[in-house]
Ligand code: AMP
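Quick setup: one chain, the form predicted on its own, written in structure tokens, and binding and motion questions come after.
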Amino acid sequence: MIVGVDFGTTNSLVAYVGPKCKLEIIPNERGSRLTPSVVYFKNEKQVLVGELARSQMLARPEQTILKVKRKMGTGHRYKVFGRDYTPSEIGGLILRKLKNYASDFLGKEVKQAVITVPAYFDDNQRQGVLHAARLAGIEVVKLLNEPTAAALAYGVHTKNEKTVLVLDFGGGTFDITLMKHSEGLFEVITTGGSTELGGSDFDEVLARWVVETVRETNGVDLATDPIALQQVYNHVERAKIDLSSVEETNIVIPYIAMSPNGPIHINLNLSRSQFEHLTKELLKRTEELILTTLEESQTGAEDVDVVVLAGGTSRMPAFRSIVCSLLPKAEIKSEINPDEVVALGAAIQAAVLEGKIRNIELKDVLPHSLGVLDDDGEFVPIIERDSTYPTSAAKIFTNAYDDQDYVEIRILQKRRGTLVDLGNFRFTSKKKWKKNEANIAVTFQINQNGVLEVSAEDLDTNEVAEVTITGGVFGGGNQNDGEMLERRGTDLEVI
């Protein structure tokens, strides 16, 4: 059995295709279909994940970790009980809990999964998710881009050719994918968005507003009190959700702090229009990202037939108003629960791989260009952005000096003008070359998960080297701290 997993910033889900191709979300131990992506360290050996972990955020925020998805593929470390943990370790604990839910529900151990990631994730971030899955004891049969998963959930029975724009606005990321769909073929044209824009950023704006209001009114800075601040975040998130269905709400937090004049109670009225005014820069950014994605693909708004909305943040009326204004002729599809649509799409892809569902084909594209730095420090692309994968490309390199027995190449990924360092590649020869004598063919290959694999060959000797990438977040060669931490992390008990 292959299940579909939506590993989210705020919540995670696991789904599968049951008898008669019925899509099912697997509930957690409390019967909820959403499992908070939260980890609480009870002690050095035991952790709680999900609902039980979230309930500890107020009492013990220093032992609670949330929004780890935003740190995947980075060198960030979490320190708890004097020990450091990588984002992949924390993500692995969440995925292990989902694996346990699925195994218990289905009555047999689940070992394989389709796991979704933002289409805009770079190679390091994808590697981070793969590391997390490995630590959870899950074989990833495919990393599936989240917008593609959402389109799958909506488009299985669509036969006419459509230009589809998927807007996946989750808790931590805003993912945009433009694709063509016809007769079961989903062919991605381009991707866009941001891995640093999501519902949590709207929470951040509201939390700052509440803290500043209390500071001005009562002279107390709640930002210096972790427990009080966590209460603020919890309540503004609820207020944000409320304002998707009502015109105004109240943020009420009694006894949040003490002042010289006695206890402080928060009771603030927040209207939808005020919320939209406070977050206008974030809303403007979503509009700009949508327009940029369309412009880069030379697609006019009138060419978009269908807009698929996914992610809880897509419920915001202001966001939907932006979408309707930019794409007035498009059919807006949001009838499937936006919190669940990605997980359901992942389950469909799992069923396709198992042979339960047929006549569906995906052609996804690389969100960022991959290449190297030349002698002048300029980026030289080897595989261009928007290339359909799996794919591969090669480039020949030589040596710069006499008596050199290796070439070293810096591997980079270009994200809208920003270079992301993936590490250094070294090819070592059994002989010493004269200057410019070497002819080393370096091949970049993007596998089905959108992850980079590198190989190299000396064209003169046909010697093929086992490639080692060093210096990146997941670099090999010397045993780095991250790898040691992740192996050690498997001794944690998820309860």
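So that there is no doubt, residue numbering starts at 1 and follows the sequence shown. Everything numeric in this text was worked out from a predicted model, so none of it was measured. Definition used throughout: the rigid core is the maximal C-alpha set that superposes within 1.5 Å between two forms.
Beyond what is shown, the protein has a form predicted together with adenosine monophosphate (AMP); the following relates to that form.
Residue in contact with adenosine monophosphate (AMP) in the predicted complex (any heavy atom within 4.5 Å), chosen from G312, G423, G192, G155: G312. A heavy atom within 4.5 Å of adenosine monophosphate (AMP) in the predicted complex is found for one listed residue only; from T279, Q125, S200, Q231, this is S200. For T74, no non-hydrogen atom is located within 4.5 Å of adenosine monophosphate (AMP) in the predicted complex, even though that partner is not displayed. By the criterion of a heavy atom within 4.5 Å, L143 is excluded from the residues contacting adenosine monophosphate (AMP) in the predicted complex.
Using a 4.5 angstroms threshold between heavy atoms, G170 counts as touching adenosine monophosphate (AMP) in the predicted complex.
When contacts are judged by a 4.5 Å heavy atom cut-off, L327 does not count as touching adenosine monophosphate (AMP) in the predicted complex. In short, of 79-87, 234-242, 366-374, 348-356 it is 234-242 that has heavy atoms within 4.5 Å of adenosine monophosphate (AMP) in the predicted complex.
Taking a 4.5 Å heavy atom cutoff to adenosine monophosphate (AMP) in the predicted complex, the contacting residues in 3-28 are T10, N11. In the core-superposed comparison between this form and the one not shown, F275 has its Cα shifted by at least 2 Å. Here I382 does not count as shifted, since its C-alpha moves by less than 2 Å between this form and the one not shown after the core is aligned. Comparing the forms between this form and the one not shown on their rigid core, the Cα displacement of I241 reaches 2 Å or more.
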